[in-house]
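Here you get one chain, nothing else, as structure tokens; it is the form predicted alone.
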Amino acid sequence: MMQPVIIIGSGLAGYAVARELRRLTADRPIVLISADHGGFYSKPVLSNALSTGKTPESIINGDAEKMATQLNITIRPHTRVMAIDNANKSVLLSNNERLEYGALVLATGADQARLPLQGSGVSKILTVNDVDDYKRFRDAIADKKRVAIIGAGLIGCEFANDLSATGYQVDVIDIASQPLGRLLPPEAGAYLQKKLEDVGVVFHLNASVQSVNHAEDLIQLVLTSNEQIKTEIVLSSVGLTPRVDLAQETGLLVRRGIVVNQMLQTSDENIYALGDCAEVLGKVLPFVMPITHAARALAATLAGNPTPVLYPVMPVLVKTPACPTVVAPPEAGQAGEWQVESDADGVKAVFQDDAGNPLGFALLGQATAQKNDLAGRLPPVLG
């Protein structure tokens, strides 16, 4: 009997590989191992579920049993992989069971980064990285009205818009001078900030959190600017840290993520990685579209048709209804400069090289209508 493809992780990446592989082969055994309940859902919906009326329960599209039947695979929920024995092509599970594999896929995702904060209220800081986290967050804010968000990146801004739109008083703290500091030029950042302020979001920029303390029934944040914010809930959203521990313990090459080539193959030819945990030719891309393209390519490879992953231009839609925003950021370190056009209705920012070739863009407001035209002029992310 053919040894199974074992997939570690039940997020979008894990399920996408299972789904695509099943489309290509009806009889290849597939085992998906999940540390949690193994339900399938779209993680990006968490940051705007409140205003769209989605409950934590309604976000899950299918539980493990339903997904196993639908995809004709074996799913092992509430199970952890304790070790990978790559010499013998097997994994050791948390119940001491050992499973052999023909190919192993690491789709372990990423954790919310944690800041090294001080104070008596640090344990009260919440993060949202999965639907179980989100349920805890929704339960926590049910009888509250004030939320402080640490981090004005993509997820922080999405949560800020979502909470403000549903009546919460929202404070956002970031060390940068603008929201989406890594994605937008200053003019675009200022436009987004103004639109979010118009719906009630209060920004505290050029400052980081120094301490988090209990203050009677509230939580007090002390900033490096000496400003103090009193709130009821603190949500940290300062980025992701790829889950690489299992790969490191196995002896796989790891840098920022689990290092893979264009075939999504790690330093072990029988082990692959994709999604938030993977570093593909130096790129860590924790977004839906790169995962989708990677899953299709990897499934083809696992089905016997070696296929390198190709990334076309993949604009990112920021879910901030107060200010529609689409970004296709240039690669870090690319030489060039932003050319910006702005008015009351929006901002069009195009990052160009010295020859005037577009390498990235940021579109806000009515300028988002130009997304397809500009995307067609950009070079592929990974050709």
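Numbers follow the displayed sequence, beginning with 1. Just so it is clear, the structure is predicted and the values come from calculations on it, not from any experiment.
Beyond the structure shown, there is the form predicted in complex with a small molecule, which is absent from this document and is the topic of what follows.
Participant: Just checking whether K319 would be counted as a contact of the small molecule in the predicted complex - the rule being heavy atoms within 4.5 angstroms.
Facilitator: Output for K319 is yes: heavy atoms within 4.5 Å of the small molecule.
Participant: Can you check whether D162 is within 4.5 Å of the small molecule in the predicted complex, heavy atom basis?
Facilitator: So D162 does not count as contacting the small molecule.
Participant: Given that the small molecule is not shown alongside this chain, does A68 nevertheless sit within 4.5 Å of it in the predicted complex, heavy atom to heavy atom?
Facilitator: No, A68 is distant from the partner.
Participant: Report yes if any heavy atom of N129 sits within 4.5 Å of a heavy atom of the small molecule in the predicted complex; otherwise report no.
Facilitator: Answer yes; at least one heavy atom of N129 falls within 4.5 Å of the small molecule in the predicted complex.
Participant: Going by heavy atom distances of 4.5 angstroms or less, which of L46, A349, C323, I30 would be at the interface with the small molecule in the predicted complex?
Facilitator: Exactly one listed residue reaches within 4.5 Å, namely L46.
Participant: Name the residue from T301, N213, T79, T292 that puts a heavy atom within 4.5 Å of the small molecule in the predicted complex.
Facilitator: After the contact test, the surviving option is T79.
Participant: Choose from 36-44, 60-68, 353-361, 327-335 the stretch whose residues reach within 4.5 Å of the small molecule in the predicted complex, heavy atoms counted.
Facilitator: The contacting stretch here is 36-44.
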